[in-house]
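Let's start with one chain on its own, the form predicted alone, as structure tokens.
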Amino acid sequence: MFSAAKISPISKVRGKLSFQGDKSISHRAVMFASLAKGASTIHNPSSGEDVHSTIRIFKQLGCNIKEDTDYIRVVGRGFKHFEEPLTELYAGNSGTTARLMAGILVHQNFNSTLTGDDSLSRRPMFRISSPLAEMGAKINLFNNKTLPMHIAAVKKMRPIKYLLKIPSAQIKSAILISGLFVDEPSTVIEFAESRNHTELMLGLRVEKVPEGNLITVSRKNYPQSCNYLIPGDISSAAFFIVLALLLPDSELRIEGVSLNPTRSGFLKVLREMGADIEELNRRTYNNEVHGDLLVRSSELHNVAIPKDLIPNIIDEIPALTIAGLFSEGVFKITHAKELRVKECDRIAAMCSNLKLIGSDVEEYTEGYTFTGRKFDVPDDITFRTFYDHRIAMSFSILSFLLKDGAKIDNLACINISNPTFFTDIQKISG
């Protein structure tokens, strides 16, 4: 059990921050460096617990991985040369670890089992096992749905042409990573663009077709050892951006953050809401766009969010909701059923907490809606995190904005993605 922690209000933020490496890109850098033969260096990796889950698994598979303050040194094993693990492979709370590792493990010359914590063990895995089975993989899931995932060695896998039914970067990446082990080309077609870090880091060919994006992969794209520079995590920065926008007399510069177009929909929505966010010092490394953001206090109004943008902003919806709470007009999220199967049911979690402050929030199967600037905070309120790091950070930001602050029932889960969250708050709030 965790005891509730009180968060006191702050009046303004000023200064500059840089964030640890983007979590999604850090996962992939560790994976591709471990697949490659020889030494690679990953600069500015995420130190969150999720990425450590990926590192821990590759150590079990025989990779020599040295972690330092601001870099990771990986000596990869090369094509299908991992060692057979002596125990189950524990992915912790990390859906990215479990789903992308499946695409790797199905090609190894040994059996393996992927497990996770209670939260991850409730998340759907059939969406990964089904396309991998079409490629020839032998995967057994608990009740044919969830972890543990038992993977049997097979002699040969085949290419696949797969039309994504769900706009998910994890499903897409699991298939693409699996395609790295097959000589003949595999293709994935996505009707709605999701984050494209796998395609960029592997240099995959992406074509526009009537159905959407057609992505091609084969063993020709198998990664080689190299140096990676990970941009700051835009999803972690999102909470600080919202805080700076909503607190009066605030100005915050965020340096070296990811500006990948498939991740910047959050910024697009905020700008349409009236946010003063200036982009500076744009540059590219490892095919990923980095840059600085200058954020100033702004009066915001809620706007319609198009459904085709939802896959782009799925992780930032909790932070965006807090911005909507303090904005004029009606805030509405639709076509976001994927939020139901994150670390918790984020639709239910957001609505439950918003009701605690008297918001007129209405919950739907695929989203929710409420009127901005219409809430009444009772005394001695305690928000629930549901052990979800993004719910915890969202309602921490809300607590900083409330006149009397508020309590949060569990802040430990923030370490899953951003262990320096409160240290960074102190830096910019004095």
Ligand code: S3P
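From 1 onward, residues are counted along the sequence shown. Here the structure is a predicted model, which means the values were calculated and not measured.
Note that the form predicted together with this ligand isn't included here; everything after this is about it.
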Considering G76, P167, G265, P223, which brings a non-hydrogen atom within 4.5 Å of this ligand in the predicted bound form?
-> P167
Could you check which residue among S112, T96, S258, S327 gets a heavy atom within 4.5 Å of this ligand in the predicted bound form?
-> T96
Quick one: is H290 in contact with this ligand in the predicted bound form, heavy atoms, 4.5 Å cut-off?
-> no
Can you check whether I151 is within 4.5 Å of this ligand in the predicted bound form, heavy atom basis?
-> no
Should D315 be classed as touching this ligand in the predicted bound form when contacts are defined as heavy atoms within 4.5 Å?
-> yes
R195, heavy atom within 4.5 angstroms of this ligand in the predicted bound form = yes
Which of 6 to 14, 405 to 413, 418 to 426, 19 to 27 lines the interface with this ligand in the predicted bound form (heavy atom within 4.5 Å) | 19 to 27
From first to last in sequence, which residues of 386 to 421 have any non-hydrogen atom within 4.5 angstroms of this ligand in the predicted bound form?
-> R390
